[in-house]
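Just the one chain here, the form predicted alone, laid out as structure tokens.
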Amino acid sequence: MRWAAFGLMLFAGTLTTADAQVRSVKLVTPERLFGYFVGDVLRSEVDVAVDKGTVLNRASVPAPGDLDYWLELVDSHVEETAGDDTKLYRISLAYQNFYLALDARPLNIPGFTLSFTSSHGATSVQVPAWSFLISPLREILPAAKAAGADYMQPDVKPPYYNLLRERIATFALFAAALIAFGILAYHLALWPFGARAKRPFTEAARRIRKMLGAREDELAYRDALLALHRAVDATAGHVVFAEDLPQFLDAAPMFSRWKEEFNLFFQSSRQTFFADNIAAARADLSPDELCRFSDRLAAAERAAP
């Protein structure tokens, strides 16, 4: 892509000290040095090989900014690579041209001086200027036309791209996502499947978490217990009392692993509704434990065939 425009050995003539600290300087310019227009960016690199222990003065590297009324340095950065007894500094530069040419002509990119320091003292090297050929955007003297509008070129029509395949893929992916969401909503009993009679524990778990999350008073706890009672009754198909628990678990074996939690639930219910001792009920089954219990029952209900 690019070629070495200059390979200079700077052991003599460019060093300001007797000791050779800079071994070589190589300027790499764009491979094509012609056919540039206003607004184009040209990139170059400067490779400087120095003795180990020699340090580049970063302030001597050209900083981005205006170099002339038509030339701006838009980017400048340095990369450093260390070897056994040498060090390589690679300085990458990007110039943007703003010269509005009326004819093809050469333009110069200015050179600059790099300075280095080491235990032997200071050293400076000169990076040479280089040039490129700029081309005009239009003729100098176009043929005479009847009207000024005749000099305007017609608009270029935008290319046509057939997006049929992309449209089909988009609709197919949308349909697949919609089907997947429907399956997930059915599995989690979300709307519009949330009110299904086959999953009373799922609906109860949602109501219990909403009730206990909004309020922490005794009335909310009573309502949460009632909601879970109704879910048990709806699952069994009849009213279930504490003494009916073994028959209920035999009929619904997916809940049998939570027999102890059911016992605590019925015990808390008895304390709440018959002994009017909600404090004791909450001690047996706290609101957080009641929420977790209802969530586990809802998950088992959804996992059941």
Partner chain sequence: MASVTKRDAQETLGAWHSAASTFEKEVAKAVVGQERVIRLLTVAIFARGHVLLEGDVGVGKTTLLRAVARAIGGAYGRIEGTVDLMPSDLVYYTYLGEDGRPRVDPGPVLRHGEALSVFFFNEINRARPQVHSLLLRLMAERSVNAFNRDYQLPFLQVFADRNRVEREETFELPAAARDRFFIEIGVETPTDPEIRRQLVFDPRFHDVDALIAAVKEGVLDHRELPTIAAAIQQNVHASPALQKYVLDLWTAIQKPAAAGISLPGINMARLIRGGGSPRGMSYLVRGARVQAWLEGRDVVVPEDIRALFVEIIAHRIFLDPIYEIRQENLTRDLCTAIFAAVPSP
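Just so we're clear, the structure is a prediction, and the values are computed from it rather than from any experiment. Numbering follows the first chain given and starts at 1.
One more form of this protein exists, namely the form predicted together with its partner chain; it is left out here, but the text below deals with it.
Listed residues 280, 251, 275, 33 were compared with its partner chain in the predicted complex; 275 is the one with a heavy atom within 4.5 Å. Its partner chain is not drawn, but in the predicted complex it has no heavy atom within 4.5 Å of residue 26. Within 4.5 Å of some heavy atom of its partner chain in the predicted complex lies at least one heavy atom of residue 226. When its partner chain is considered in the predicted complex, residue 230 lines it closely, a heavy atom lying within 4.5 Å. In the predicted complex, its partner chain lies within 4.5 Å of some heavy atom of residue 239. Of the candidate stretches 202-210, 76-84, 115-123, 231-239, only 231-239 has residues whose heavy atoms lie within 4.5 Å of its partner chain in the predicted complex.
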